[in-house]
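Starting off, we have a lone chain in the form predicted alone, written out as structure tokens.
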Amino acid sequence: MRSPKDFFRPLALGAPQPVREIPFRPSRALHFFDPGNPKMAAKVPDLVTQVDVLVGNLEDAIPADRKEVAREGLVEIGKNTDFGDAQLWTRMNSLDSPWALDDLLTLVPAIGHKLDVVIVPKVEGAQDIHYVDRLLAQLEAKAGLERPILVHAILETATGVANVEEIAGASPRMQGISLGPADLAASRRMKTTRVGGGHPGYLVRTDPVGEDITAGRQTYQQDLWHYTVARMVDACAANGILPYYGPFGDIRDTVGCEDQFRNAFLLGCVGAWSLHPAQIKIAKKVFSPSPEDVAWARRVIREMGDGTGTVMIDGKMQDDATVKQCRVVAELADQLAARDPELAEAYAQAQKD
């Protein structure tokens, strides 16, 4: 473990200075695309106006014989696309694969000045982040980059979940962590073949009434991922980085997708993955506070004055703790409104009503 005095020193001579605070930029929808697919690549210029983050995927879903094609495709897209306010991320191949090293050796010199974040899959401990951290510093120095590329980890193994706190604090580069439910389910030997979402067999049942133990008993489906998401959120919050829900694999089930994303939003996540354009709108809606919630939060902040003491608003007690909650909502709304004119208008109108 590095000394606290050394934590924010560059790991290579000539590398850019590490960031001391992770910048919050809207990242409600992390939209994955195959950069080696010409049809998907052709849609990128339109997508940059729709999403907060575009993720050039090099790992899962890219066949082994197309890894190099995808990597070179991402280089071309990075060089030739004006991303405006949108961010460009990539999900590199896992560190135990034969493609991971070449991913970084190719991308950082070629498009490191465009690349905001590298997603590292199947992270199991701080050692994985340390390896990527040092390598990125060396490559940034060689390429003459002026800002560091940040790192995002995916929780996809039981070991990773067990070490999530040390992963979150492993490097100043750590931007955030995402839940990877499919690989994590396999690692835990969970008996589900779904990619994210719930399961009809994971439920609780009301108590029996009378002698018949089957009559009139209601069942309620539970969230398979509640514990993991909550632990991930705590680890991220404690280390000043950002938590994300991962993929929801049933593209047709837009209702279930919205519910799962909202659960994550309420627990503290700032965004989720989108695997299909239909999920972009869902993520942007869910991970943006509603105009009504924003108007209420601003009212509480206004009436609480200096933020101490208590006031009654519409029969509800507000105090020091609730004003902190309201500031979370209002500050997020301000950050999102700065990028999204339609959202800014909706928030302003709600304030007038």
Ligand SMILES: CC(C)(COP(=O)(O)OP(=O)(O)OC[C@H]1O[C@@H](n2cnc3c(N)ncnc32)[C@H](O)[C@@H]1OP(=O)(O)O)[C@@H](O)C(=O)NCCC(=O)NCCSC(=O)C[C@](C)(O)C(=O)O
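Please read all numbers here as calculations on a predicted model, not as lab measurements. For every residue, the number given is its place in the sequence shown, counted from 1.
FYI, the form predicted together with this ligand isn't displayed, but the following is about it.
Asks: Could you superimpose the pocket C-alphas so that this ligand sits on this ligand-free chain as it does in the model of the complex, and then tell me whether the site is open or blocked by the 2.4 Å backbone/C-beta test with a threshold of 3 atoms?
Replies: With this ligand superposed from its pose in the model of the complex, the site reads as open.
Asks: Using 4.5 Å between non-hydrogen atoms, is Asp60 touching this ligand in the model of the complex?
Replies: Result yes; Asp60 sits at the interface with this ligand in the model of the complex.
Asks: Do Ile241 and this ligand share at least one heavy atom pair within 4.5 Å in the model of the complex?
Replies: Result no; Ile241 lies far from this ligand in the model of the complex.
Asks: Examine Trp273 and determine whether its closest non-hydrogen atom to this ligand in the model of the complex is within 4.5 angstroms.
Replies: Trp273 belongs to the contact set for this ligand.
Asks: With the partner left out of view, is Val161 within 4.5 angstroms of this ligand in the model of the complex by any non-hydrogen atom?
Replies: Taking the distances in the model of the complex, the answer for Val161 is no, it never comes within 4.5 Å of this ligand.
Asks: Go through Ile301, Val69, Met40, Val48 and name the one with a heavy atom inside 4.5 Å of this ligand in the model of the complex.
Replies: By the 4.5 Å criterion, the partner-contacting residue is Met40.
Asks: Of the residues Asp103, Asp128, Glu156, Glu140, which one places a heavy atom within 4.5 Å of this ligand in the model of the complex?
Replies: By the 4.5 Å criterion, the partner-contacting residue is Glu156.
Asks: Which of 303-311, 26-34, 318-326, 288-296 has heavy atoms within 4.5 Å of this ligand in the model of the complex?
Replies: After filtering at 4.5 Å, what remains is 26-34.
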